Each structure stands twice: as structure tokens, then as C-alpha cells.
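Both blocks below hold the same protein chain, though in two forms, and each is given as C-alpha cells: structure 1 and structure 2.
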Structure 1
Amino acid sequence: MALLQISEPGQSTAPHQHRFAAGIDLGTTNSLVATVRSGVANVLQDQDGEAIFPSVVRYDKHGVVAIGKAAREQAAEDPYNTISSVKRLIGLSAEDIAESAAGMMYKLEKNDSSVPRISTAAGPKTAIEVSADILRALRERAELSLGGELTGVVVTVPAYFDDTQRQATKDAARLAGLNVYRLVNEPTAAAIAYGLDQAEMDATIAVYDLGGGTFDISILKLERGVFEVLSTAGDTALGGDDIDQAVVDWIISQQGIDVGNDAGLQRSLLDQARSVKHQLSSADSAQFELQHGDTSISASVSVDTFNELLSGLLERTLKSCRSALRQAKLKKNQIDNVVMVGGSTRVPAVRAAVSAFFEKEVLTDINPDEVVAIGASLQADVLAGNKPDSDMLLLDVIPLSLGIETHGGLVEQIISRNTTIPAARAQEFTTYKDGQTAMALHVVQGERDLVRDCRSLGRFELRGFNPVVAGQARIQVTFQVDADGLLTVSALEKASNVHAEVQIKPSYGLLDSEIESMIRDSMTNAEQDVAARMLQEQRVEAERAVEALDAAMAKDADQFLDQSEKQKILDARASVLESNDTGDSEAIKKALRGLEKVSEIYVSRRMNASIGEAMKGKNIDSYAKQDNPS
């Protein structure tokens, strides 16, 4: 804005302020938010002192009615409107979901959109919107606790998430009004929490993450500050929920209970099993007590019995560990550190089994359900610029290769997996037919040679270049991946200098217009807040402009302006002050623009004069040196 140029030199700008940054672990079962204060990372709690926020949202016709713990407690009452485990759906197409949503009980809307929408009392909801509601609640918790607005966040995602799932997660954060500094892989965040990235030595790290409904094992290699995901394996249907179910099955068989179709009894049994399981993490036995209708149970569960129930599940996780090692072409003894992540690794038998498998002590000092959020917050703090002396710059890698479809449905890889990001690579292609003047580009992600085995990320066209014989055109295709792993592809035909570019908007994500309208929708509630904030900002800007103008005019108005020019500026200044009292931010904006316009001449004369001064000074100086050597 031109007016700002006349502010006096030496007028202070805001000193470096501590920026509020947070790390968010957006989990399938539970989510957490953490932040760094006085150099220490901590998870943030709600009023009841709970850090864990169940990733559950319940809707009614007005929108969100319950979220977090309250929503989880109401799940049995209103199963179709209480959405949990939505992370399993994020970034997937309706087709993907048909394959992977076995066991999910929601009703999906039937429509033409490729983005699946869950039917709820509040209307159709995409996984992105449900995730945004969770993120919004975490944002509120953080802002309440920090006493200010968040400048930015780091959100974690599973290492195996592809571009579409990452983009969808970012969209959810955007919808929740969060500025995402970066997405970081969950296992990488856990390793950061343990300070493994600060170690002098390069290391190979296994991250064993047993959560509520999923198991992931990731093998990371840390080399000169860069984390590389060597391999990932796991089971998307294995976690604490299965342990609860195993306890319930045992109780049923012991007590000879018939659950029948009683969903309420089923739910109560599972709740009680979970409570017993939690107790057994720190006791040798626990009481299973239940009173539901005619059913009454009182049974003691010993830790030995519990461990037996667990052994099958544990063996399955170890099988995945073997597979991850095989993929990474590593032996157990080449793993330097084993990091335990996920609430279910609080179970002592799980720790013991993993420790026995890798033949070394496992890292458990940091709460396994908090460790991912803690690592994310450490990253966020650095990215916010709160640690100016820190040279810790986390580099991440591309999880799956990126390429382009060539003739015959083949994939030409442009950036291969595990390339450090940000990254840019260019490759030249040519035309297939004589006289071709356009080219269709199809961007895919995956490790396979055939397009049909990879995931389609997007298509675009390069049109209007000069026709030449087949094979003679030179088309340079550039892939650029930013620090979040998100891709921009551009193409340039050199001879005619025709250029085209796309930011990859995944086919199964949301359209930009859809996101914009969702953001608008989400703002209607907060419309008044927004209006108030805008008015306040306009007022401050108006005051600042008038102050700067006054200071300048006191100094040199007579030197640069004639009487009528001066009067015009003073009139415009009066309108700004007048509008400032109205409480109408549009009026203030208009008056400011008016002032800016009539002051342009003054600003430019002052600028020219000061440039002239500077030049003069320099000239004299240099003449003095060159021409008068004596």
C-alpha cells in the first residue's frame, strides 16, 4: 500500500514475537494436540485434564452436537449419526471404500460425485469435513490454552498415505481454519520426539505403532538429518479394539452368556473389557463387573489369561515386522532403535514381545499415545521460527513414485520414491504422431509399470504447439514436490514456448470450489467474529496511515505540495477519521483508498527526493575518493 511508504524511518515494526504453533496427531481412534512452551513439548488437556480426544463426531440437523469423548459415549445410542474412524475413509474414492469399508456401518450417499459422502442428520458429510470438525475442536483447545491464535500447525499422517490422502488431510486442516506448515509422517514424528534426529550418528529405526484399530510398522533410516521410509507394513484391522473383543469373547464363553442382538449389551461388554484391559497394564488381575438387564457378570481376569488371549494378535504384528524387515532388506540386528507408539503398546506383554523380537530394549519413556503429537509439536515450533538458532530442518521423502503415462499405458517414473523433498525433476518427452499439436499428460503415483496398476493423480493438456514430425517435438515435463509432498506438474514445448501447469488436485479429493464453499459455510457461523475482526483491522490500519501522514506532513508538506494539493490530502484525511468512527469497515476501506490516491503525488515526490539525496551523497563520496587521491 502506497501510504505505508511515507512512514518515518526508525518507526518500530513489531519485535519478533513468539508464534503459537502446535503439533496435531489426527488419529483413527484418538487425536491429540501438543505445543512447545519454554522449550518443553507437552500435550494440551481439556478442562477435565484429559489429553486424549476421541476422533468421534455426532451430528444432528443443526450440525455437530457432540464431539470427542461425549460423542464416543453416545455412539451406541445414535450409531448412524455418530461418525468414528473417519480417517479410514479420508482421500478414498467411493470405489476404494467399497473394498476397504468392510465393518463400517455408515450409510453412504448415492450421487455422481466421486467423493463419498456419509449420510448424517446434518446432511451428507465427506471424510474431509468430519476430520475438519475434529481439527477445529483441537484448534479451539490449543487457542484457549495458549491464549492466542495459532500461527501454524504440523499435522501427522501415516507413512503409507498417498498424495490423495495427504491432500485430503491438508484440505481438512484448511477447512478448520488451520495454517499447515507441513504434514509429517507419524513414525517420523515419533522418532523426533525421542530426539533421534538430533543424534550424531545415522541410525535405522523401527517404529511399532499399535493403536485402537490399526497396526503399523515402519522402518526409517536417518542419514544426515534426512528420514527415509525404507518400508512400511501392518494391518488396517488390528488394534486395541480387537483386544477388547478377545476379552469379551472369553467372558462370554466362560459365563455362558447369550448376547443375541442386544447392541446395548454388546457395547457395555466392550466398554468393560476395555476398562479391564487398561487396569491389567499395571496390575496382575482385574475385576470384570457388569450389570445389564438380566445379565450380571462378576469375574476376575488374571494377567496370564489376558496375555494368552493376546498371543494370536501379537504374533500377527510380528509377522508384519518380519515382512517390513524383508522389504527393507535388513536383519533384526541392523535396527538401532525401536520406538513404541500407540495406546495399545502400554500393555506390558506387547512391549515384552516386541523387545524379544528385536532382541533389544524398546523406547517407551514418552507416553506411547502422546509421542506422535509431541514430535509434531517440536517440528511445528522450529517451522514457526521460534528456535532461530536451531538448524534442525526435517527433510522427508516421497512415499510413492511419481510419473507420467507414456504411449501404451506405461509409466515413466519422474521422481522415484524416497527422494528427499522438496524436490524438482524435469524430463523431456516427444510426440508420437506426425503433426501433433497437443499432448495429453496423465500423472500417476505408484511403483508399478502399468498405468492401470498405479493411482491416477490427474490429467492435463498441453495445446497449440507447432506441428512437427513424430519424435521431433521436445516437451519438457517438470515435477515439483513441495515440503508437504504435494505435487505441481508443468509442461513446456520449447520451440513454440507453449506452457501448461497443474497443481495436482487428486481425482478423489474435493474440487477447489467445493472446498471454498465449505470454508464459506463454516464461516457463516463465525461471520460476526470475522466482521468484527475485519473492522478492527481496518481501524488500526486507518490510524496507522493517519499517524504516518501527519508525521511526514509536519516535516515537509510545504516543500513538496502546493496549497491545493495539501488541502486535498487534508480533506481525504478527515474522511478517513470520520469513517473510522462509523463502525463500517467497507467505508473505512474506501476512505483509506481515497487518501492513498490523493497522497500518491506526495509519496512519489518524497521518494524521489530521498533517492536523489542518497545518490548525491554517494556521488560526492566516490568523486572524493577517485578524483582527489591526494
Structure 2
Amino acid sequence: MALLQISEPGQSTAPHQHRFAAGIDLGTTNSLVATVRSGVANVLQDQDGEAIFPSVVRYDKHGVVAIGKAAREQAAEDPYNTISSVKRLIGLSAEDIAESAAGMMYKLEKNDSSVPRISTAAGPKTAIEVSADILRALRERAELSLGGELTGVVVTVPAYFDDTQRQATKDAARLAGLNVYRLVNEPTAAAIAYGLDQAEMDATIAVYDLGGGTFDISILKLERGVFEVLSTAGDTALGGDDIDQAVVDWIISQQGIDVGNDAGLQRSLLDQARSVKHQLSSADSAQFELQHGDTSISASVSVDTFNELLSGLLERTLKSCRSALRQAKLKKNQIDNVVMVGGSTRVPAVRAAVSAFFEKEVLTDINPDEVVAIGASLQADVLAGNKPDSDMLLLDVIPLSLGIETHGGLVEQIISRNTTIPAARAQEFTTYKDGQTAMALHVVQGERDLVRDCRSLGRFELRGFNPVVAGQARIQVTFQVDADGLLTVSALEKASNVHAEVQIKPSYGLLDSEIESMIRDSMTNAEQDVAARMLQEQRVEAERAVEALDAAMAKDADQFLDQSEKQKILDARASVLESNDTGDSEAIKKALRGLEKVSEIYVSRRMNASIGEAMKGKNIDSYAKQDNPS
């Protein structure tokens, strides 16, 4: 039976025009879908009253044979055709996925494709396709519950997902037949849920989001309906799955079990570890009971042992918390509230550690499993136009700086990290050589000064502009990051109006540990990077000076210089080239000054000859008339 949608006056022109919109929390372990009905956000349940949808898909030769809870229950008997935790793989390269898949019992197709594919009975599947199957099931749940088609959705992603991982998530949603209003960072969605529950609240909030496979910590400023992300940090390869694996590793070491290549046994061990974790959230001990083939296990796991296994993982999350505070330039006592998000935050040791770190009680008012989906549904309701009087505004940030390669392998940053999105920045560049009619543009991501220390995002070319003297062309490069965090780069040569652009969509993304490493390296190597940049700039300047000198001397050196003068300039030129091969920027600068000094007479004579040629046949009076035509 379809539900009758009734809108408040002013929220919709007529009740029947209410648009069906939903928020989707696409999780590593579990996913949820929520919607706003009668002004209240609720997570949607299936026919059995279950709200949580396990992010698991099982395939056979005909395609999807089981999905959600049914697929998870069949994982041990058919491990290689049952895909779980696929969110950890989305947007990664074949090399990255090969490393991740080793512990996840996936088999990868061996081919030359740049898009990694998991081998299943239904044929090769990409992480995008598996995610699309999960999203399709959530769409069907929503449409069945609402009694109509969804006009659009908001899908949440980890705050530290890079451009490629976000694009891959968006592609999966489109493949599932969903119209994506926008992608929203998971911590931001949680802040929406809490912020709207506490109207007129102005506060600085830390959102600690520990899910099944990812961890995010975000510092947000909530002020008069504006949600601004001040900083974000985290780990896209850390979550409840790792807690389960820690328990499994301990059991294996205690029992002396050899798992070998038995994927079914490994699945069963992880399932039992998950059950133990859930039991220890409300008990002092739990039994690890398993019977799989010839393997029989019966062991007691105390909460003290569990907390000890958890301690290393917890410290990794607190390290990210310290990083987020530093980026936001805040101290612990400036945080007003700490919001707990994600099923793994149900673990008492997690809540205790976070509370101790921030020195305050943590907020758990809203179900940590559901809070992200609820926040996403509230934003979806606004974007669908069901609440036109809403003054809600989301201001997410870019996790890593974006820039372009300049001559000499240097990086010119266009948009700095932690810039609020959507954002657009433009900067002018010019040509390096005379007569240049094309320019190759290399877009990079990172905090270092040299291209080799940053990550390449993409390349494109601007061709067909007019040939002019080096340095005369004006080429405007524009970076645009949309509300989903997706990047488009364009270039325009202003004189000839030649234009080119590219949407950055490489075939793999960055792991969160790599992002953290890039930021950490930029701080550690700041002094070294400044020196390296100065060296490269001096080398570029030396190359330009020598190239300009060679062009001039080839044209008229014999006309203006005697042999002795010419030799002095050539000797100075050789010194510049010799110093350019060293790693000493001061030596290059000194050699350039020497070349400039011995070339002064040559430059002066050329300039005088040029002026004389321009004035030939004219007198001072003719110039005076040009300046004063009246």
C-alpha cells in the first residue's frame, strides 16, 4: 500500500507533487537507506523488519543469486563467489586490489585492462559493478516502501575518499539507476542529523566515524545552519573488519590452526569473530565456537584480551584525531561535542578511549549505525525541493592540494587542501619557447613542491593557439571542484580563444594511508622542498638565459662583438651550463650574474642598433607630433 505524502504549507505546491528522495549510507560492512516522511527522517526496513543491509553479494552463472543477509549467510560455503567489503576496493588500481584481495579471498582476472576485475561464476566483476548491485537492492527497498520511484538520492562517502573513489561511487549509483543529487561526506551527514535535532546550535564538533572498513575523523563548525568542515583525517583501510581479523589472528595463534588456502574456513572464523565482538559489547567474556570440516574450536575470549587486541587499532584512530585537530588549529578543549558514528563505536573500549582523548562524554543519542543515513536523507529532502525554506548549507573541504606541473618538474598549487567546496580557482601561465603553439598540462595532487613527490591525476593538451615570443601568450588554467569533490580542469589561450578541458577521472585512487603520508612528508621535508624548488627554478632560469643568448648570437654576434668579447661570453655561458649540472642553486645564480655582466656590452650594442634602426629617416619633431597630434 502506497503511503500518502502530506506536505506542510509552503513546502510543496501540492501534496501530490512531493518528490521521493532518499539518503543512502553505502557502507563497507552494512548499508542503509533512509527517507523523510511527515518531516521525520527514518531508516527504511525490509519485509522482515530489518533496517541494516549487509554489503554482500553472491553470484552464480546467472548473475546475482543472493544479496544482503542471505549472501552473508552463504559466504562460508561459496567464498570465492561471495563478495563483501567491496567498498575497500572501489577506485583502486589492479596492484592495490591485488594486495587487498589477498586477505579477502578474492580472485582477480588476469588481463591487461586498467580496470581491475574480480573473478566470479557470473564472470568478471568490478568493484563498481558489485557496489551497483548493492545500491540497486537499496533502491528497490526504498521504492517498495515509498510506493513510487525515487527522483534522486544523496550517497555518503568517507571524508578521505579522493576524486577517483568519489567518481567510482557516483558511477556505481548511476549504474544502479539512481539520480545522484550529490555525494556527502559521512561525518558531514552525521552532523546534519545531530545539528538539526539541536536547532539554533552553534558549536565545533568532532565526528568520530569508525565503520566496518573505514575510519574518518572530521572537525566541523556548525553555525546558524551552516555546516563547515574545518579539517578531516582518517584511514580508508581501518574498521570493524580489522577488529574481527585481530580476533581471528589471536584464535589462530592460540589454537595452532593452519588456515592455508581454505577460504571457507577463513570466512567462518571471521563470522564467529564478529559474533564475539558483538557479545563483548555487553558481557565480560564470550565463547568462540566453530565447527568447520575437521577444524573444531572452543575458546573463551575475555573483554580484557579483546581490549588488548583492539589497543593498536584504537591508537591509529587517535593519531588521526590529533592530525585533524592540528589541521583545524584547535585544541581539545575547543571541541564542544564528539559525535560517535559507525557500528564499531558500539564497542565500549572505543567509546572510553575517545571520551578520554577529548576529555568529555561522547554523543550516542542517535543509533550510530543509522545516523549517517538519516543525515543523508535530510539533505536529499532539501535537494529534492521538498523543503524550499530550508537554510541548510554544507561546506565540505578538499583533502589534498591540487595543482599543475610547470617547467622544471615544479608544482604550482591552484587549490590548497582544506579549501571549502564547491570551489573554482584560475591562474595564468605562459609559454616557455618562442613560436610555441601547444601546451601539455599535467594535473597533480599533493603537498610537495616537485612533481615526482606528488600523485599524477591526469594529462591533457591545449593545441592550435597562435605562435608568439616566449612569455607573451596568456593561458588561463581553471580548476573547478564540484559539490561532490570531483575535479574539472580547463585551459584557455586568451588571444586566440583556443580552449580545452578534462574531467579528472583516473583508473585508480589513493589509499588514506598514502594521503596521510603525503601530508606528513610535506611537513617533514618542507625545508628540503624549498631548497629543491629554488634549485629547479635556478636551473630553469639558466636554461632560458642560455637559450636566449644562443638565439641572439646566432643572429648577430659577429656584427657587434670582436673575437675576444665573444670568447668571454662563451666562457661565461659554459660556466652557467657547468653549474647547472650541480645541485647548488647559489652556484647557478653566481654563474648567471657572471654571464649577465660580460654580456652587458653586447646587449647595449644590440639595443642601440635597434633604436637606431627604428629612428632611421625620422627626427625629434616627428615624434613630438605623434605625442601631441593637436
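FYI, numbering is relative to structure 1, first residue = 1. So that the term is clear: the rigid core is the largest set of C-alpha atoms that superpose within 1.5 Å between two forms. Keep in mind it's a predicted model, so treat the numbers as computed, not measured.
- The form predicted alone appears here as structure 2.
- In the core-superposed comparison between the two structures, the C-alpha atom of residue 158 has shifted by less than 2 angstroms.
- Once the rigid core is overlaid between the two structures, residue 54 does not reach a Cα shift of 2 Å, moving by less than that.
- Taking 2 Å as the criterion, residue 214 counts as shifted between the two structures: its C-alpha moves by at least this amount when the rigid core is aligned.
- For residue 593, the CA shift between the two structures after superposing the rigid core equals 75.7 Å.
- Core superposition places the Cα of residue 347 3.2 Å apart between the two structures.
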